[in-house]
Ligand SMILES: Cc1cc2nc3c(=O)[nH]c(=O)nc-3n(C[C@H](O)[C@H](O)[C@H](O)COP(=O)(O)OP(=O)(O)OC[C@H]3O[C@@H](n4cnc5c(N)ncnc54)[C@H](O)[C@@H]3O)c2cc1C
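We begin with a single chain expressed as structure tokens, specifically the form predicted alone.
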């Protein structure tokens, strides 16, 4: 096995063009498990940990860019305004894993249980890719994530990061697992309120072959908030019946399977509970906005 050690993005792209079979390594929290258990033996690895251009983030013209090499620990420390992303980052593994693992790794692995992915889906994020031959391109998250551990990444491309429009409104990430720490989600949910677009975005993880947006639930609660006047007046109470209907629609959007971590029925129930909690939290937070 060859280990390639680029020190710049340009060098990394050149190596990927020359060796398209080489697998990128950032934190290694997924890749090294596959190597250690003998499930994967690539001909070459491109170690991206020295490529500082990937470990950046910035905001410009209302857009947020998150580099593929930024660790979860750095997200928690440097991006406190993005509460759902911080909550998801805090839920990843142990402190050691959070200091190594990256959002780019979650995207590259494309596991439906990746904690950062429902957040990116709720943000309607694009995934930014680059190759030496064709330059840069962006794909919506749902076009990039094609299935369980399948992406639209070309053999000669690297993931540069992800970009989304900054939304004004509260939100949260929560998940269900067998314990509080170092757990793979049985079900995960991110809910983000878009005050300007008058939308409620809901994304589910670990309950289908890839990340799922609960579009019917989103339309239902946005309509209820419009007809009740809750968009104009955050102090307006949304009826419990509407919240229950929202939770049921979220649960019905899930496409889970039975496996060793939980049954399909339990996962749907978990989505129902998480949806009700997340919406209630956001409605309460709108009354006393700390997200402005």
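Quick caveat, the model's predicted, so the values are computed rather than measured. Numbering follows the first chain given and starts at 1.
Keep in mind that the form predicted together with the named molecule is not shown, yet the notes after this line are about it.
- Among 220, 132, 87, 109, the residue placing a heavy atom within 4.5 Å of the named molecule in the predicted bound form is 109.
- Proximity to the named molecule in the predicted bound form, defined as a heavy atom within 4.5 Å, singles out one entry of 167, 153, 186, 75, which is 153.
- Contact annotation for residue 257: none of its heavy atoms lies within 4.5 Å of the named molecule in the predicted bound form.
- When contacts are judged by a 4.5 Å heavy atom cut-off, residue 33 counts as touching the named molecule in the predicted bound form.
- When the named molecule is considered in the predicted bound form, residue 42 lies well away from it, no heavy atom lying within 4.5 Å.
- Residue 23 belongs to the set of residues with a heavy atom inside 4.5 Å of the named molecule in the predicted bound form.
- Of the stretches 195-203, 79-87, 132-140, 100-108, only 100-108 has residues with a heavy atom within 4.5 Å of the named molecule in the predicted bound form.
- Shown here without the named molecule, the chain has 114, 115 in 114-136 lying with a heavy atom within 4.5 Å of that partner in the predicted bound form.
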